[in-house]
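Here we start with a single chain on its own, the form predicted alone, put down as structure tokens.
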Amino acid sequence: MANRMLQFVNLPQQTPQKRDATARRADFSEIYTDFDSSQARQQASRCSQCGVPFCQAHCPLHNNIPDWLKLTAEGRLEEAYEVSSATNNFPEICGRICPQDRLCEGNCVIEKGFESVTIGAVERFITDTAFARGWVRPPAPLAENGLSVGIVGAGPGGLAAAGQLRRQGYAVHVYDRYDRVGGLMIYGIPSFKLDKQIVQRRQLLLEQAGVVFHLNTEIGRDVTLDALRDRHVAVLLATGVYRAREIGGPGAGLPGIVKALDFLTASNRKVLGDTVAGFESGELDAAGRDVVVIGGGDTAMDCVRTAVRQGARAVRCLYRRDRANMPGSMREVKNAEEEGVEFLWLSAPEAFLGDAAVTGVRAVRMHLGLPDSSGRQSVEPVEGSHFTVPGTLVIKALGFDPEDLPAAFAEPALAVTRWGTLKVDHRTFMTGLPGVFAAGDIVRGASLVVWAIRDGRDAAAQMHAWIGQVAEQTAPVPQMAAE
């Protein structure tokens, strides 16, 4: 079978076909078509099966990528799925939304002239095929252990932990303040990147496995953390971070300046068929407006591409660094440009113009200076380079910070770091409260879905180990039989 691999010297890189930019601007459907079986096998066969797989090393989940690429090239798709799903609870989601150009594909050892293997597209193909052929089953335990655990947060970290703990035989209860399961995968990431049915079918599998979801339930408001600790042998906090970073300057409080998550949540709810007050009033609707998005991460890319689909008159993105230093996926930047987004590199806002509502952004040109202690170049304004960008809807996409977590959970005993994230023992994921663990963005800070999955899996393993240790310590000591 060895001759099936190393085909990068004969076969060019091929990514899944993208829908035409004009067509995809008109709806929220996913923009990539699916590989067929032949295309997937050919692209998987381009893997060089290198001795030190950098793709695997740079994947947060350390997926066995060369193994399932080889199995795919050989047509052994059910085995490929088993290998892929052994390290990843949601490979079809990571195949769609992971920034592969910064992770696995970006570290492929194939020389740049030959281009990397299209790992994400093959990963998506494997799991979508597994669903279509009935190979994906609920995470059923071998035996029930009679113990119950609680998970706060139904995002990727919480769901990954739920699946892992259910496999161990726990009765798993997941609490979330939203009315749907998925967290940012439902309300933050647009459907043109991740169709919501992809998330919902995972929810169905977990429910079939016996996981119980308590939606519209906010810890600290509807139920206390103490009550959860009494109800379960261990609790995992995996709520993510949602507090938007603010921007100052004259006019920063004008109507028409909105937060990225408010904008994306309203759009996603509208696509899901909900009635959204902010959308109906026009406050969060980009139709017919000049839109300015401030920021350079993946959230900013989601905002500009959503605004295009809502029918904005013009969409511009202000970012204070250049393209090479942009934190978002270059693939997303390219997709946005194809859809008509204008990027204003090395530009930073100074003030917001308007009287009753925002009408524009006064910006200044920037240039890159000397590297700071982290090695990243500083940015400095260019004197006398001010210019105005028209904008009747300005979206702040500057990242997210944690809320006041002890107050949010109504539990002052929870310790936080100087960044506001929950303080945990990084070997055990446990907070200062015995039996209360935390994982994902609430500990790490705003990060990728794939990192949340990794943290959720690791935290579940540590919870299981801790519960076992407690059980051993509290087990009755066997008595010697009388002679």
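Being a predicted model, the structure only gives us computed values, none of them experimental. Residue numbers here begin at 1 and follow the sequence given.
What follows is about the form predicted together with a small molecule, which we do not show.
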item: Residue stretch of 283 to 291, 235 to 243, 128 to 136, 338 to 346 approaching the small molecule in the predicted bound form, non-hydrogen atom distance within 4.5 Å; value: 235 to 243
item: Close approach of Thr299 to the small molecule in the predicted bound form, 4.5 Å, heavy atom; value: yes
item: 4.5 angstroms heavy atom contact with the small molecule in the predicted bound form for Phe213; value: no
item: Met430 within 4.5 Å of the small molecule in the predicted bound form, heavy atoms; value: no
item: Touches the small molecule in the predicted bound form: Ser378 (any heavy atom, 4.5 Å); value: no
item: Partner-contacting position among Tyr175, Phe352, Tyr81, Tyr319 - heavy atom within 4.5 Å of the small molecule in the predicted bound form; value: Tyr175
item: Option touching the small molecule, based on a heavy atom within 4.5 Å in the predicted bound form, out of Leu264, Met326, Leu398, Val308; value: Leu264
